[in-house]
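Shown below, as structure tokens, is a lone chain in the form predicted on its own; questions about how it binds or moves come after it.
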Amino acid sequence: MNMSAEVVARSPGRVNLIGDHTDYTGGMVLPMAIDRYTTIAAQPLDAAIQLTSADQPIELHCALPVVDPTSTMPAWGRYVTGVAALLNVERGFSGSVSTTLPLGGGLSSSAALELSTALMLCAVNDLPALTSLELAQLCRIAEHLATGVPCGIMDQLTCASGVAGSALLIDCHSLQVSPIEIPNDVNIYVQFIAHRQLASSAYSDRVTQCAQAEQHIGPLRLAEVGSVRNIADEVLQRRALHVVSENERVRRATVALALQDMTTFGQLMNESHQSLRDNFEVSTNQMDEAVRNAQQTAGVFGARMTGGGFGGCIVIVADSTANMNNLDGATLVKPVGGAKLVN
């Protein structure tokens, strides 16, 4: 590659319409890539990565190859060096990163940074192009390596595999991705509520609790609600009840969306939020209030928290006539294609 040529890599974020905290047990999710992006514009650079951020005060400077991404400073650079460590590259880049995604908003700004980094490093090192699935799998492992948070694959796979005009039904066990078209007269909004307070320990606790529940009733992705009652521990029972019922809600919501039955779709979104609040305990009072306000707005089919929880954004599905002026900061988003090089 011409060492003076600028390369631009861009990845969308994602919003999850329904199906939270199911991916790391191989369950079902229904997200979509959205028209908010993280973009890296850079030139090839031997043996180092130098990256300035429009949203972070401290620049990233690291030598290649990366030995220990967990020691990278500033901390935001770990998403970059985690990818570089896995690719084991010796040529990096010098440039800038910018994003139109709210940081800490639960819209996968971290996955978008990882994907943009992977595309950039593959380009400047003349590596074979990765498929969307390969890209997602690489970046998921990179996040585990760099942050210690045992995330599922939903974020990376959605951002890599987005389809314009469609949500994505993802089976997180088989990794099959099926686009489900969103009707033209349906609008999807995200409303940023509060910076997410998702400590890695809280997320890890939920992952561990789901694994413990599986020791009693087998894989949650295959379990039925009735079997959850066989779990004696009350907390584990509620965690499992959310995951098992959420998988079923995703299946029903997918059918409703395909049939353009948005009333049913919205009811399932509302039920999902209730379960995340009560059974999985990852909502907050502020998030609950915002969801109630949205659900009570004329023209809204349904609303729920989205993402890992403890803050972030809510997602609202409404008809095209709904007046969203009373929902401060509610922003219309569109489903778009996945991460790519744009030059």
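Position 1 is the first residue in the sequence shown; the rest follow in order. It should be emphasised that the depicted structure is a prediction, and the values quoted were computed from it without experimental measurement.
If you look for the form predicted together with alpha-D-galactopyranose, you will not find it shown, but the lines that follow are about it.
Within 4.5 Å of some heavy atom of alpha-D-galactopyranose in the model of the complex lies at least one heavy atom of G308. Although the partner is absent here, G19 sits close enough that one of its heavy atoms falls within 4.5 Å of alpha-D-galactopyranose in the model of the complex.
A residue is said to contact a partner when one of its heavy atoms sits within 4.5 Å of a partner heavy atom; C151 meets this definition for alpha-D-galactopyranose in the model of the complex.
Although the partner is absent from this view, W76 stays clear of alpha-D-galactopyranose in the model of the complex, with no non-hydrogen atom inside 4.5 angstroms. With alpha-D-galactopyranose left out of view, the stretch that reaches within 4.5 Å of it through heavy atoms in the model of the complex is, among 212-220, 153-161, 68-76, 130-138, 153-161.
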